[in-house]
Every structure is written in C-alpha cells, then in structure tokens.
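We begin with a single chain expressed as structure tokens, specifically the form predicted on its own.
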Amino acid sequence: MMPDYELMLDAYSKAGGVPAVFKDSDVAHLVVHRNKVIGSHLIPGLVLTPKETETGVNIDFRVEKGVKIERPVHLCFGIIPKEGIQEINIKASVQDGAGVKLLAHCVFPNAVKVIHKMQADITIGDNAYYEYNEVHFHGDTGGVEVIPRARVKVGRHSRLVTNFSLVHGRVGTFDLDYDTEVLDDSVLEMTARVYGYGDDLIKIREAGRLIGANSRGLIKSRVAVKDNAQSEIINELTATAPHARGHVDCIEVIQGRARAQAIPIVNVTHELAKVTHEAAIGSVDKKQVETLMARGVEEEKAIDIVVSGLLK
C-alpha cells in the first residue's frame, strides 16, 4: 500500500495540482493528512508554523513586513480513508507592504463519511496583497461535509482576492461563510464556483463591508445544480463610506429536479457610495446546447460542456 504522502500527492495531481512543486526549494508548501503534517518547506520572509491537534492542525501564517513572496505558496489538505474528520484553524497575517498568493488543494477522493472544517482569521496590513485560491477534489459518493469559515480585515491601499472552486466529484454538503471588512482605497474580489448533483446541498454566504473611503468590492458566484441538488447563495455588500463602490453578480443554472435560490443583499448608508447587483437563475442556454448537438455532440455531453464553460 502506498504511504499517506504518496496517496495525498496522487489525489493532489488528480485535483489539478503539480506534485513537482513540493520538490522545488524556491516554493513554500505544507501538506496535511487528517491531523498529521506530512510535508513542509519554508522560504525567507514567510512564517508558517503548524501545530497538530487531536482532530486537525492549527496554523500560524505570517508574511513579514515588506516581503513579496514571488511564487505561490502551495497547501494540500485532505483525508484519504473513507471516514475521518479534519479541522484546520488558520491565523494569518500579511504585514504592511507584503504580498502573497496561496494555492490550496483539499482532497477527499474516497470519502463516505468525512468532515472537513476550516476556520481562518486573516489580517491584511496597509499596501499589502493577499490572494487565496482553494480547489476541492471529492469522490463520487457525496460523503463529504465541508464547512469553511473566514473572517478577514483588509487595511488601506491593499487588495484581497479569493477564489473557491468545487467542480470535481460530488459536493456532498457544503456550507461556506466568508466575512470581510475593507478600509480606505482597498479592493475586495471574492469568487465561488460550485457544481452540485445527486442530492448535494450547497450553501454559500459571502459578505463584504466597504467601510473605507474609495474602497471597492466584487462578489461573484457561479453555481450549477442538477438531479435533486439544492443551492442557496447569499451575496452581501455593504457600503458605508464616501465613494465606496461594489457589485454583486450571481448566476445559477438548474437541471432536472434541482432547486436554486439566490439572495443578493446590498446595503448603502452613505450618499456618495454605490452598490449594484444582478442575479439570474435558469436552465442551460438551449442555443448553445443545440449548436454543440449539431456538431455531433450528444445532448448530455453538450449540457456538461456548457455548464463547464460557465464554471470556468
């Protein structure tokens, strides 16, 4: 039997990752299987301290003042067996003038009864940059419960970007809740892409509070559900400062007996601020499907291609 590290890298590869990065001395990384740190590497200017717990790992993450991490930091979290629980608690700080991009893969290829919880408290200083990209790879049984939580504070003249993707394998039960506060002249961009089928349950809440003058915010969701899957998407932007600007953009596609709900919330309390929104729920574009079918693509495959295009 392959050891846990090799099994994790195999699942990481199937999720779209490139295992070779874990051998690159210029790339920082951390690999966690269940509650064990099975691989790690640091580079100058980055503090990454994991502490194993009974059910997961607590992580202190810090990019030191003025340090720009040139290459993405790679994280891999997962559970290879059919059952297990993993609780990841992250306390992150990107100090003034610093910048970093993270690429996290969460892999649960054999899950029948798996729970993955993540709680992140993130502070981004002034003139700083933080980008967090999270990609999930699940098996086909739907036996995963994913519960990510994040609370983020963004300083002045800074930028926060988050991208969440769960489009490979059954979703299972997914309940995401991100809340962000943005100060003067800073930018927030949050994007989520999820594809649910079977009896998957999807709940997403992403909220941004533009409390600084000239702050900007964009919250975007792309969700597709089919069979008996259900989704509820709550995107919320609040602008309370002069010249704050924000936009909420949610598109959901339904097929079969699926159900989808979109709840855009915009709240403006300053006469010089502005927030807009658009939300749409509907079926797959028939013209696009018919065009593909006219080229010899079977209907079910054509629908999958159109949905995949939306999620990309």
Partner chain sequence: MELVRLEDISLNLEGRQILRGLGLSVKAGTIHSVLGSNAAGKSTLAYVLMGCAGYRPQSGRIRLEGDDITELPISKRSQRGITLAWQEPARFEGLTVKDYISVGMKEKDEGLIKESLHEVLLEPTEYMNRVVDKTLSGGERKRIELAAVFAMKPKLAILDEPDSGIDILALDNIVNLIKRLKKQGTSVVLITHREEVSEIADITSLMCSGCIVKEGKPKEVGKYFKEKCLPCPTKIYPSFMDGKIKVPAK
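Please read all numbers here as calculations on a predicted model, not as lab measurements. Residue numbers count along the first chain shown, from 1.
In what follows, reference is made to the form predicted in complex with its partner chain, a form of this protein that is not presented.
Stretch 280-288 is the contacting one of 280-288, 265-273, 42-50, 28-36, since its residues have non-hydrogen atoms within 4.5 Å of its partner chain in the predicted bound form.
When contacts are judged by a 4.5 Å heavy atom cut-off, Arg295 counts as touching its partner chain in the predicted bound form.
Although the partner is absent here, Pro3 is not a contact residue: none of its heavy atoms lies within 4.5 angstroms of its partner chain in the predicted bound form.
In the predicted bound form, none of the heavy atoms of Lys226 sits within 4.5 Å of a heavy atom of its partner chain.
Its partner chain is not shown here, and in the predicted bound form it never comes within 4.5 Å of any heavy atom of His74. Checking His105, Arg159, Arg216, Arg222 for any heavy atom within 4.5 Å of its partner chain in the predicted bound form turns up a single hit: Arg222. In the predicted bound form, its partner chain lies within 4.5 angstroms of at least one heavy atom of each of the following residues of 298-312: Glu298, Glu299, Ile305, Val306, Gly309, Leu310, Lys312, in sequence order.
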